[in-house]
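One chain comes next, on its own, written as structure tokens: the form predicted alone.
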């Protein structure tokens, strides 16, 4: 049995990586990860949308680094997987198209995970990061006293063709997620919107949730609010202005991988639109 030791130094490494490359919680933070479609609601029998993904200093303006494109997922209104088309990654953003040929709501998401390992060898601290497969093949998990952490994210948005439905809104039960009580494509200025935070399928209480009005590049001051999820994981807020918004939260957890105790940092972000009632 591998000895369990302190995670303090590895926690610092993971926190820095999360702040830099996943999503920074706090309105004054420099970099935030997002996905935003060319339209959130459409009508007709069939439509196309173009989706941008990036990590940026200003919300929805690509000016830092692109979103990775190897973990993009589209869930169609019937719950089946959809296709990513014409994907391309430039210096500041990733762009791709999605064909909407079913009536209802689509979920467009990017998920990813990065593992961090730390152990002592010949009196020196050794650190590695990469995919789980890379750590396994490199023999990292076999070291005595190895400390393991996993940083996992979910970045998503919703788009509806015609009347909204809820099939694509169903949680996966993995990581940090948001279960909408108010449909993400039915959020109106001056009316309350409600969501439930879930961690591995269970209500996540006491988590901070930041909601930021987008397009802050042109605002005199960043418009944001921070909420705390209730005992049942729920949050409620009433947006006062129309436009695009960014919601983010993060949580810590504990798990085990290949017999090694593992700490987890889970992050979630959502881009949504508020319209006139």
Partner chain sequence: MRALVIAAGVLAAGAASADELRVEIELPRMSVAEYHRPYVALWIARPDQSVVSHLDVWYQQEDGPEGAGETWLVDIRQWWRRIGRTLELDTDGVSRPTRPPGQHTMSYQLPALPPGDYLLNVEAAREVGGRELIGVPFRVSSNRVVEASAQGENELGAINMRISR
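Numbering follows the first chain given and starts at 1. From a predicted model like this one, the values you see are computed outputs, not experimental measurements.
We do not show the form predicted in complex with its partner chain, though everything after this point is about it.
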Of 234, 69, 41, 223, the one that lies within 4.5 Å of its partner chain in the predicted complex (heavy atoms)
41
Classify residue 164 as contacting or not contacting its partner chain in the predicted complex by the rule of any non-hydrogen atom within 4.5 angstroms, answering yes or no.
yes
According to a 4.5 angstroms non-hydrogen atom cut-off, is residue 238 in contact with its partner chain in the predicted complex?
no
Hey, in the predicted complex, does residue 57 get a heavy atom within 4.5 angstroms of its partner chain?
no
Answer for residue 188 alone: is it within 4.5 Å of its partner chain in the predicted complex, judged on heavy atom distances?
yes
Exactly one listed stretch (76-84, 188-196, 201-209, 143-151) reaches within 4.5 angstroms of its partner chain in the predicted complex by non-hydrogen atoms, and it is 188-196
Suppose contact means any heavy atom within 4.5 Å; which members of 204-236 contact its partner chain in the predicted complex?
none
